[in-house]
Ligand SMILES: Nc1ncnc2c1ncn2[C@@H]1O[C@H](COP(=O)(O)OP(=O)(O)OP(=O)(O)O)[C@@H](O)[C@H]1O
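What follows is one chain in structure tokens, specifically the form predicted alone.
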């Protein structure tokens, strides 16, 4: 049975300024039917801290449990044990874009802007920033079903950032980006960090370690500070 999970509550060893604290996260998947039922332990006590104004990396091999950990942090998956505390607004960019095939990029941004409670002026400014920073304004009236994989990834990232959240959790966000878009990604996320946001970027490989304030490696179900 999972231990109680809390959001936005003090305690658990978290800093008073932390935007996210995770302690002792455990998750085991059970497959098959008895008597051939098998258990696969993915997380064995993972811990993470995110403070305002920093970019943190989480690195692990394929199948190491990175996406499982991310889903627990955003509340999509319940851990078997452990505690997650979050403060402030949240933006989540899943590894696989979750988009509506028949809607355009502009319609997606309007839909998500309304869901986040942005007024017309706020949405207009956010939309302009996303189109400009990621260079895909020419696809504003293009349906998702007609977009390339790279453009879908740009839209997927934009939907996580449109409301300028305090906390951004990004799962393999630049997979499929060309070099120019990759550089644009770091300019965009760097500006968010400079404004006090905290970002967790999950990837199977990190080339530019100097861009991160801290990096965790996920090894044998535990997070190890590099």
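Here, rigid core means the biggest group of C-alpha atoms that superpose within 1.5 Å across both forms. Residue numbers count along the first chain shown, from 1. Only a predicted model underlies this, so the values are computations on that prediction, with no experimental measurement involved.
Below, we turn to the form predicted together with the ligand, even though it does not appear here.
Of the listed positions (61, 44, 164, 51), a single one reaches within 4.5 angstroms of the ligand by any non-hydrogen atom in the predicted complex, namely 61. Contact with the ligand in the predicted complex, defined as a heavy atom within 4.5 Å, holds for exactly one of 189, 67, 181, 158, namely 67.
Remark: of stretches 110 to 118, 67 to 75, 85 to 93, 133 to 141, the one touching the ligand in the predicted complex is 67 to 75 (heavy atom within 4.5 Å). Remark: residue 31 counts among the residues lining the ligand in the predicted complex, judged by a heavy atom distance of 4.5 Å or less. In the predicted complex, the ligand lies within 4.5 Å of some heavy atom of residue 204. In this overlay on the rigid core, residue 204 has a C-alpha that sits 2 Å or more away from its partner position between this form and the one not shown.
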